[in-house]
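What follows is one chain in structure tokens, specifically the form predicted on its own.
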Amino acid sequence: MIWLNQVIQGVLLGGYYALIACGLSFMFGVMRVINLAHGDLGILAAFLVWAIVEHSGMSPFLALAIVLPLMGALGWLMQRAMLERSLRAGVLVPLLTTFGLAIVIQNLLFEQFGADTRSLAPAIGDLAFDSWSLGSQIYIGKLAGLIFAVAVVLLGGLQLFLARTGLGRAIRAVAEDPDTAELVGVDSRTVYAAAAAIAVMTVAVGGTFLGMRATFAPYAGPAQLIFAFEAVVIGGIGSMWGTLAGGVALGIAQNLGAQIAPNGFLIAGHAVFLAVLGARVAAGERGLRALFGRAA
């Protein structure tokens, strides 16, 4: 029963990882850009929500509704002002650009808020710790269940958006072949900017839920980026449902590892990531060729 409980908790944790990772997967799938500032953008959103809650006393969910369009505008601006230019200079320059952006965000947050950790848990009341009981040894946290449900809805919504809307079809066309898409009247610059806005808005949701389920600090972004990257690689780059599967696999591995040894939480997750990465390199699957060699 203990092991079953760990698996269930791992699945719920995987929902959070999928929520953090979906924007990273989406941006790479469209623009072939690995955004090293992805985790820090999520932390930025968490701080913005926290600041609104602190000064107004409103619910974090309402504060998130205010922050989301701001983060979308930031994503749009980031693409137009930085990534669009750096993409012309080769595959390495966007990595350096987003790395520099991550450092800027971290230091601005440190300058504004200091090094103290923050949490949104006090602002959501009983939701932060309340749970449903399934038998005598299995408990499902209401917040964890909500995060998983939001991840499924968000990923499913993105999948439907790409399949059923005009902008979604334009995004898929540009992701496949931007030059040909331009020939049939698709404005690739606008599509790229819209994709960046969507990606940043999704990580804003993930960052806000991080603030509800744990604590965050100005330099917490890189750790979230690592978890997001591992979930994306395990599940398959550019695949929305694959990202959910990758996040669940990572969460289960971490929880089972923690059950085996106190320091096994991170080690087990990294081991699964490295095993999948090694298998894909050995098999020469398209996802890894796209990640490391397509631009070359």
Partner chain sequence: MSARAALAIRRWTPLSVAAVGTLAALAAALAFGPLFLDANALDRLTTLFIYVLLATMWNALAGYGGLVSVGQQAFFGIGAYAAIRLSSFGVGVYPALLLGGACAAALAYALSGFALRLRGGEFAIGMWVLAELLHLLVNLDRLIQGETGTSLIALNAFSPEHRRDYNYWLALASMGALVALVFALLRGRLGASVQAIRDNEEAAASLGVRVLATKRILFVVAGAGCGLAGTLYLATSISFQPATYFGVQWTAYMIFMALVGGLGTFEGPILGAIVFFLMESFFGATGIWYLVGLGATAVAFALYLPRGLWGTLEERFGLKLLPVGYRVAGAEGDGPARGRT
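Positions refer to the first chain, counted from 1. Note that the coordinates shown come from a computational prediction; the quantities given were computed from them, not determined experimentally.
Missing here is the form predicted together with the partner chain; even so, the following discussion is about that form.
Note that among 200 to 208, 135 to 143, 121 to 129, 103 to 111, the stretch whose heavy atoms approach the partner chain to within 4.5 Å in the predicted complex is 103 to 111. Taking the partner from elsewhere, every residue among M82, L92 and H270 has a non-hydrogen atom within 4.5 angstroms of the partner chain in the predicted complex.
Among heavy atoms of L225, some come within 4.5 Å of the partner chain in the predicted complex. Taking the partner from the other structure, the partner chain in the predicted complex has no heavy atom within 4.5 Å of any heavy atom of I66. Proximity of L48 to the partner chain in the predicted complex falls outside the 4.5 Å heavy atom cutoff. Mapping the unseen interface onto this chain, Y219 counts among the residues with a heavy atom inside 4.5 Å of the partner chain in the predicted complex. This chain appears without its partner; in the predicted complex, the one residue of V153, A115, L96, A214 with a heavy atom within 4.5 Å of the partner chain is L96. For the partner-free chain shown, just N263 of 250 to 264 comes within 4.5 angstroms of the partner chain in the predicted complex, judged by any non-hydrogen atom.
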